[in-house]
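Shown next as structure tokens: one chain only, the form predicted alone.
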């Protein structure tokens, strides 16, 4: 069975309405931008605690980054070449009294007052691992590095699908090191990530995937990514079982960020990197869809795992 776009949109809007009416999400008047209730946040908090327990073996460095990063660092990631439609640039007013009057006059006339804003030195973070790489410039120890990250990330893709938020959190475990170290990390966490999601009652399944590359060359890049076996997603049904949603991804970046940020292995070669990213809001949405809106009524084994 397959659904057409109209039917998918209806399914997304129905689940969105249910979530808002239940008070779990708080509509903020912009598609894909929501507040979260205490119950929603509590589910994420307990899920993260479980992820932390399962990841303790890695003895990872813990880092938490804000949702903005240096514009210059952003430009070195390659994101603007591949995903310009998803990026967010931070602009603000930087003029004096005269320029302020022009801004207010434009607003009063119903004109585009945002033309009076100027770019800052900041960009919105599009992936939780991006702020890490500029901090890792230099030579890695022979054992490499493993870092536990969490960050709000931004992607400009407004949607009626509650799982496709513009601002959401990713929890990641990132590995920097040799090709073997990075690939072992990706493969190990693909299995472990599925186990974590299955343990909380989500029927997550791994699928080979690709990123949504932009432009005429995007299809070729996507095909190459699949051919090289670089990206897997763990998918579950959320709004509809017909089109499952990715709630976690496991990615092998080759030595892309090693080259971009001059990160080297102990033998002087560009470092390779890999990560698992848990989409925390999407996981909470999947849990509510699977088990119901009241966590106190969830299955006993799920509540035990999450310590609810």
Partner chain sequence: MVCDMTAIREIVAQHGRLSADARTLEFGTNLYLAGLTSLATVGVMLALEDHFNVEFPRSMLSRKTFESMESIADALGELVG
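Computed from a predicted structure; not experimentally measured. Residue numbers count along the first chain shown, from 1.
The protein also exists as the form predicted in complex with its partner chain; that form is not presented, and the subsequent description refers to it.
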With the partner left out here, if you bring back its partner chain in the predicted complex, are 82, 221 and 224 all within 4.5 Å of it by some heavy atom? yes
Heavy atom within 4.5 Å of its partner chain in the predicted complex - the one residue of 158, 212, 217, 237 that qualifies: 217
Have a look at 178-186, 118-126, 133-141, 224-232 and name the one stretch with heavy atoms inside 4.5 Å of its partner chain in the predicted complex. 224-232
